[in-house]
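Consider the single chain below, provided in structure tokens and representing the form predicted on its own.
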């Protein structure tokens, strides 16, 4: 036991705790300022969901780390807290409240790590009367190849946009297909061919009325990058077709290989579910005489054949739908109040913050209660002695 305490003593330093807290304050301060330029999502990835902050070297493609990221700061702080208990703490019932309090702190850090790694966010846009069994990522795209040869179901093979790089050849899982990426624009603008500065201006042709030109990536909260790719599909190393596809023009391209019908499209990454939601009615209430939103809600129909679910329900502000490990929040609306936008969140650590906060409150109440009880007994004893 003494050896364990000696081993953990350097990591249990109070100075290390202060350094970690100071680094966390710097991250929060700099990340908050930078989110004005790069948006909340990118700021979270750069400052809090990273191991280090990197400084690019001018004139090169390299960057050097200059400050620890959120994973390093949080991880060291977690180890510091655990090591402090192992190296210094001696358990007694008088300190039970402190034990519970620190258990809540440790659980909160672990819960934040679980959420950061495993949480998946997407959106489901539904027009009135429309039914969907999938949501779409607001940040990522996918190259989807759909096998439509089966009459009762489609087989969809997805290649994430992170794998699409110019000159790369990708083996399509479970098939004899290979995808050759001839060119790839992470963000592009779709324009009429007549608006090009010259016919030789770099572009990808999407059709007779539209071409894509590359533009810098956007990090604005209300804008989305429009990826465009030029790909060639190989069947058993023989060309089956070449196309330019764009997430800003997600109409699938039909083609055939060996007499079987297929489709290919570059589209927002989809998350399919074994159940569907249908928007029955969207309601947007305003305060009388103003355009200020008072409430907006979606009346939806949930159908899940596997669980024999078929019911209607409402999703509105502060009243999400929780079903099958997913949470559907009312996030927005569009199309003159005929389209609802639901934020879909899958977070396996959803309950951890509630549990950790409960432990924190219990630890504080227990510790202060025990002190109060001992103080009352001491005062009672003093009063008895005086009388």
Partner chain sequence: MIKKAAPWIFVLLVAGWLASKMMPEKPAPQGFNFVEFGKLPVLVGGRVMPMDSVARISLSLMNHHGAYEPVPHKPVPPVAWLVNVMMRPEEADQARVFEIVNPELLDLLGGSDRQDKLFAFNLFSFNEFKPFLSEIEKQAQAAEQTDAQTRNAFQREIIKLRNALLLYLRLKNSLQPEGSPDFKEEIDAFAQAVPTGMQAIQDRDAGKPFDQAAFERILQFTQRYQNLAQARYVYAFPDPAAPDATGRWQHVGEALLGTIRTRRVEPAVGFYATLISAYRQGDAAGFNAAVSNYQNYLRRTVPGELNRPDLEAWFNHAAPFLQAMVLYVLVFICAVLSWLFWPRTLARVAGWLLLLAFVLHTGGLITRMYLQGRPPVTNLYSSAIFVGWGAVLLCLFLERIYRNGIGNVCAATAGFVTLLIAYNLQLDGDTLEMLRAVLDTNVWLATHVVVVALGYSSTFLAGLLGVIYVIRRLFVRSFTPELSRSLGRMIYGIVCFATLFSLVGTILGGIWADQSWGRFWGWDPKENGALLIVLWNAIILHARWGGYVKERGIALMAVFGNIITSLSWFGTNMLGVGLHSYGFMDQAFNVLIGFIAGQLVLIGIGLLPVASRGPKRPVAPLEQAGQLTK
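Small disclaimer: the values here were computed from a predicted structure and weren't measured. Rigid core here is just the name for the largest C-alpha set that superposes within 1.5 Å across the two forms. Positions refer to the first chain, counted from 1.
What comes next is about the form predicted in complex with its partner chain, which does not appear here.
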### Interface segment, criterion being heavy atoms within 4.5 Å of its partner chain in the predicted complex, picked from 288-296, 302-310, 167-175, 225-233
288-296
### Message
Can you work out whether residue 102 and its partner chain are in contact in the predicted complex, taking contact to mean some heavy atom pair no more than 4.5 Å apart?
### Response
yes
### Query
Taking 4.5 angstroms as the cut-off for heavy atoms, does residue 377 touch its partner chain in the predicted complex?
no
#### Entry: in the predicted complex, residue 98 touching its partner chain (heavy atom, 4.5 Å)
yes
### Task
Verify the contact flag for residue 350: yes if a non-hydrogen atom of it lies within 4.5 Å of a non-hydrogen atom of its partner chain in the predicted complex, no if not.
yes
### Query
Though the partner is not shown here, which residues of 21-49 have a heavy atom within 4.5 Å of its partner chain in the predicted complex?
21, 22, 24, 25, 28, 29, 32, 33, 35, 36, 40, 44, 48
### Query
Core-aligned, does residue 331 move its Cα 2 Å or more between this form and the one not shown?
no
### Message
Does residue 16 move appreciably between this form and the one not shown, meaning a CA displacement of 2 Å or more on the superposed rigid core?
### Response
no
### Query
For residue 25, is the CA shift between this form and the one not shown at least 2 Å following rigid-core superposition?
no
